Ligand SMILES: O=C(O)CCC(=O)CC(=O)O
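Only one chain comes next, encoded as structure tokens, the form predicted on its own.
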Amino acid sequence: MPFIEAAGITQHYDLTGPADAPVLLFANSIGTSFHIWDAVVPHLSQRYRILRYDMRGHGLTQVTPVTEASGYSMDLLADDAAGLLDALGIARAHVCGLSIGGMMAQRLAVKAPARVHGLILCDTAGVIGPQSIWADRIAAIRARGMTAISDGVMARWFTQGFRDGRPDQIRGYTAMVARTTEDGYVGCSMAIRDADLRAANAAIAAPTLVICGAEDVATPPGVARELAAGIPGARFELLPGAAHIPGVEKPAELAALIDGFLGDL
């Protein structure tokens, strides 16, 4: 399990694929680890050098303390990703982010445009709200722990058919959420709550693909289309049969969209 000191914290990451291939960085969603990309990697790792990492306070990456006055921010999370690239000696990468990982990727593309070659934004938006959703979620976690939300988010993450047909997977992802550190989840919730990236996104210069699961209720297709419309030249693709985490439900189809887009750059 590779660890590295980057951006002032110890980050857990995985780097695989040909050493001379273009780097493709994957950023995970809130409440998950980089393992949500496990089924996608085999479809892309022959043509790209795949870099995955656990976001601050998630998976095996170090958590930093959170209070209401000192939560995480989208700038902080973007700086974490840039710091990881620096620590690994990677000057430029394609960046694919899911949900909060997609918000981080939007921010990284604005703050450090020279670092981002191609940008893939999965099931995300420039603003994910309303803020009251995150306030309620933070309050529930602080009162009752991560198990207060771990069951409920499954209906937002996966289609009904997947939940009915793959109970083993649902139990596993429920455990993944429940074992996320409270401060990591709350800190990232604050970053989402406080972020409105829509105006800044007009400055994104990287070629951009926005992908959304057709059955996503967390960041629905209409919201994803608005995201694409706010980024110059961005393309939009709808992924049938998937909800909020298409890399789990439709890994081959998601990989094909990513590969087709990057192959044109």
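One-based numbering along the sequence shown. On a predicted model such as this, the values are computed, not experimentally measured, just so you know.
As for the form predicted in complex with this ligand, it is not shown, yet the points below apply to it.
**Q** Heavy atoms, 4.5 Å, this ligand in the predicted complex: which of 139 to 147, 155 to 163, 104 to 112, 87 to 95 makes the cut? Say which one.
**A** Contact criterion met by 155 to 163 only.
**Q** Which pick from A234, A224, V40, A218 sits with a heavy atom within 4.5 Å of this ligand in the predicted complex?
**A** Going through each option in turn, the one that passes is A218.
**Q** Do all of S29, I100 and Y185 end up near this ligand in the predicted complex, with near meaning a heavy atom within 4.5 Å?
**A** Spot residues vs this ligand: full contact, yes.
**Q** Heavy atom to heavy atom, is I128 within 4.5 Å of this ligand in the predicted complex?
**A** Yes, contact at 4.5 Å.
**Q** Quick check on A78: any heavy atom within 4.5 Å of this ligand in the predicted complex?
**A** No, no contact at 4.5 Å.
**Q** How about M190 - does it come within 4.5 Å of this ligand in the predicted complex, if we only consider non-hydrogen atoms?
**A** Output for M190 is no: heavy atoms all beyond 4.5 Å of this ligand.
**Q** Quick check on W134: any heavy atom within 4.5 Å of this ligand in the predicted complex?
**A** The answer is yes: W134 has a heavy atom within 4.5 Å of this ligand.
**Q** Judged by heavy atom distances of 4.5 Å or less, which residues of 51 to 69 approach this ligand in the predicted complex?
**A** Stretch hits: zero.
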